[in-house]
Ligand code: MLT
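Given next, in structure tokens, is a single chain: the form predicted alone.
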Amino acid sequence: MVRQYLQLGSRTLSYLDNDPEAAGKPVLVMVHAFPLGSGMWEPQFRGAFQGWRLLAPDLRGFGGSTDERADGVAPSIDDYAEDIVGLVREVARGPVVLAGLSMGGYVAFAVLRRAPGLVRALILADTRASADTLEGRAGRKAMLTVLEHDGPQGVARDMMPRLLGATTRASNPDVEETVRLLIKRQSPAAIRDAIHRMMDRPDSLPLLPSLTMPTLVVVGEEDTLTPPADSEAMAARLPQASLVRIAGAGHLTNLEQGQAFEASLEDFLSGLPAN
């Protein structure tokens, strides 16, 4: 696993790459959740997905990626889509399998609106297609207040009971410590702008019937942020979707039940046609 940097105009995009010298391998791009950064995927870079090149970017502002906008330009979920499109075109140089967890799923939908030809298969984990409800927007505004007063540490404190399932919190405290560290590493500006980007993202439900590529929907059985019922409804609208529920996991399935998460993805990837 190597940390790489890509210049996209005046911005720098940081990303993890499991095989920078790879030639001809199929590519899996993994888009991180809020507010964690690419480091959340490090367990998946430790030997899983043999035969695949893995790319995991830090969305702009997170990790080592910069975020530069002209004065007066509001942050948009399409900014993140631009990051992914740039990475695919400059590094992968061909259609990829695109995986997004939580906020990463919102980004995947934005990529598919912008450049659907770059995605040959799709993985949506612990996410939803609908826009924020009024209640959801109110929750994000409350999080902005927490961020202003207590910083990333306060965001980690308030989110932890919803990010991790009851099984993880009771039996695997190391995961909680890892997640807290990943959140505390992020800048307040990155977290603030991500909240605005998620709060103002468009409804992607009308997009779903047009997504005819093979799709895997993954959800933790104990996910309360994007419950299994939401994933079931989303999968039902996707023409070529299969659904996997991960026992003993909440919202961060890849960290809480890594082996089951990886097995579900590897099974899906093994069934895809060759590039």
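Treat the numbers as computed from the prediction; the structure is a model and nothing was measured. Residue indices: 1-based, along the sequence shown.
The form predicted together with the ligand exists for this protein as well; it is not shown, and the discussion that follows is about that form.
Stretch 159-167 is the answer when you ask which of 115-123, 159-167, 72-80, 87-95 has residues with heavy atoms within 4.5 Å of the ligand in the model of the complex. Between the ligand and the residues 207, 235, 213, 225, the one pair within 4.5 Å by heavy atoms in the model of the complex involves 225. For the candidate set 56, 59, 33, 246, a heavy atom within 4.5 Å of the ligand in the model of the complex is found for exactly one residue, namely 33. At the 4.5 Å threshold, heavy atoms of residue 140 reach the ligand in the model of the complex. Of the heavy atoms in residue 191, none are within 4.5 Å of the ligand in the model of the complex. At least one heavy atom of residue 198 is located within 4.5 Å of the ligand in the model of the complex. Under a 4.5 angstroms non-hydrogen atom cutoff, the ligand in the model of the complex has residue 103 among its neighbouring residues.
In this stretch, 1-20, not one residue has a heavy atom within 4.5 Å of the ligand in the model of the complex; the partner itself is omitted from this view.
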